[in-house]
Ligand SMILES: Cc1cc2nc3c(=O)[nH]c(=O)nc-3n(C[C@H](O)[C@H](O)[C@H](O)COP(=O)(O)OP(=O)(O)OC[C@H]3O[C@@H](n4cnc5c(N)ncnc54)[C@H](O)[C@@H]3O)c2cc1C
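For reference, the chain that follows is the form predicted alone, supplied as structure tokens.
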Amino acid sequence: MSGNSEIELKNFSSFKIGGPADNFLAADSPESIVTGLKKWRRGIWSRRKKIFILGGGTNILWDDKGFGGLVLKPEITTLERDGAAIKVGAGVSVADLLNFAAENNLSGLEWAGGLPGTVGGAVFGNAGAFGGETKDSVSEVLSLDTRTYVLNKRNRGECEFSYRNSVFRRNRSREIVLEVVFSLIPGEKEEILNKALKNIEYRQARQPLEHPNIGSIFKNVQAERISPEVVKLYGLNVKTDPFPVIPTARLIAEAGLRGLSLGGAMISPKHPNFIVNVLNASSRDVSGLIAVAKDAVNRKFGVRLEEEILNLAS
């Protein structure tokens, strides 16, 4: 367990933004997580403090003031094949899981080519892209209740997956994803890798990966929330993600915000649903641009954008 003088959260964010953590625990087993939680709770002020479960830090906006509680990072790295299933620890990167699946000629995760972050984070937020979602292949999730220390095992239905959401996100700080079982289908290694590579290349060509970022800031907008007349007027495209949506990047661009800067942060000209850290941006800079985007899109289209990221600076 580390104190705030040692751990800067900007080092645990792909945004490179964030202040110190009051306490930080990286643990590689359920037992060490429980031991760490019990030790932390023996502290005088811990009952008044929050817990944050950290994955890869690829969708988090930390506050420059830091986090006044315990940041807990599960680093469980189980990676085992059992027939057409793979058991994987929450701390394994999505990239490593995809490569392991390909090496074992197991298909079903190609949509995740280039997806950043850890398996635990992908399950937490039901990450998705290119028409696929994490939930599509999940058969079982093992989690830990941070208050009772009881292990919970859920099947896919019990995980209550929805668009970029799950029971684990709704129970944020109460429940830690430990291990996940993915049920896949037999495939050919080269074909799996080629499909994943196409998705990686698509991301590289269309996303501002040259700057620190935390991916799409907002969820895409369900097409039914925007009238057909407005869709036609602005030539908005409807895509499946996994149901009909209007890309939020297009709405932000139509609102005239492409390339808008505030302090060291900028709405990406390349992909307007990304905010990039171009000049040592602060969390206040990013929060300001988020507010501007929400207001502009609401005024122009009558749609309230919903954040996909975890905004701890709001």
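All of these numbers come straight from a predicted model, not from anything done at the bench. All residue numbers refer to positions in the sequence shown, first residue = 1.
The protein also exists as the form predicted together with the named molecule; that form is not presented, and the subsequent description refers to it.
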Decide whether Arg172 counts as a contact residue for the named molecule in the predicted complex under a heavy atom distance cut-off of 4.5 Å. yes
Given that the partner is absent here, does Phe67 sit within 4.5 Å of the named molecule in the predicted complex, heavy atoms only? no
Hey, in the predicted complex, is Asn220 touching the named molecule, heavy atoms inside 4.5 Å? no
Does Gly108 make contact with the named molecule in the predicted complex, using a 4.5 Å heavy atom cut-off? no
TL;DR on 120-128, 77-85, 190-198, 152-160: the one with heavy atoms within 4.5 Å of the named molecule in the predicted complex is 120-128
Among Ser283, Asn59, Asn277, Asn273, just one has a heavy atom within 4.5 Å of the named molecule in the predicted complex, namely Asn59
Only one of Asn165, Ser183, Gln207, Asn99 gets a heavy atom within 4.5 Å of the named molecule in the predicted complex. Which one? Gln207
Scan 89-115 and write down, in order along the chain, each residue with a heavy atom lying within 4.5 Å of the named molecule in the predicted complex. Ala90, Leu115
